[in-house]
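Heads up, the chain below is alone and in the form predicted on its own; it's given as structure tokens.
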């Protein structure tokens, strides 16, 4: 059984309160075929903050985060990396060659890091045609990915996450806005890869487009946080009942926000 728990969560930025004694208690059988869960909500309601707290990048003012009963703020980076794989919206560490970006931290996995496998993944995310005419896997990536567009950085970032998740087989994968800068073909490929990862690991996705969550088992709507202290993943039918924001999304009266 996978277990994701947050207890007594409080956090604010300056005087703006994001979480106020919120809690999460999610248990998912390891043999559950689909473990994809979505996170939506208006801008400023804590979507990215929640992922940063769950991933160990942001220590909340108060609260405990337990992944499979492990307090992620009381273990080292290596243990966290074994338990959680994270892709946030921006990738500030991009540097070196294309290959180095992809295999960082997993270079010992020869099969996963083979040229053939790396090229196959780059083809899936629509990047190989960009790098093949240059120096292929040896193409230099500028500091912070400055020579790549936002969508290209996003695809490269996701390819790295996909490889890490395949290597570490974490309990939890956290992905923030995976398709917000992508064309429909690339979006479809990455959505399919996310669905593949969610067969093995619990996968939380902050979505910019509702169709990214077509296969989601449940959806957490952060517009409800101020009303309901439980951070609950609702079925789509139940969310239609409790959330005006979600009803507006479905009716085309609102759009998902970053």
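As the structure is a computational prediction, the values presented were derived from the model and not from experiment. Residue numbers count along the first chain shown, from 1.
Below, we refer to the form predicted in complex with a small molecule, which is not included among the displayed structures.
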query: Contact test in the model of the complex: residue 47 vs the small molecule, heavy atoms, 4.5 Å; finding: yes
query: Residue 186, heavy atom within 4.5 angstroms of the small molecule in the model of the complex; finding: no
query: 4.5 angstroms heavy atom contact with the small molecule in the model of the complex for residue 101; finding: no
query: Close approach of residue 32 to the small molecule in the model of the complex, 4.5 Å, heavy atom; finding: no
query: Among the candidates 192, 43, 62, 199, the residue which, in the model of the complex, approaches the small molecule to within 4.5 Å (heavy atoms); finding: 43
query: Of 89, 117, 152, 97, the one that lies within 4.5 Å of the small molecule in the model of the complex (heavy atoms); finding: 89
query: In the model of the complex, segment of 212-220, 226-234, 35-43, 66-74 with a heavy atom within 4.5 Å of the small molecule; finding: 35-43
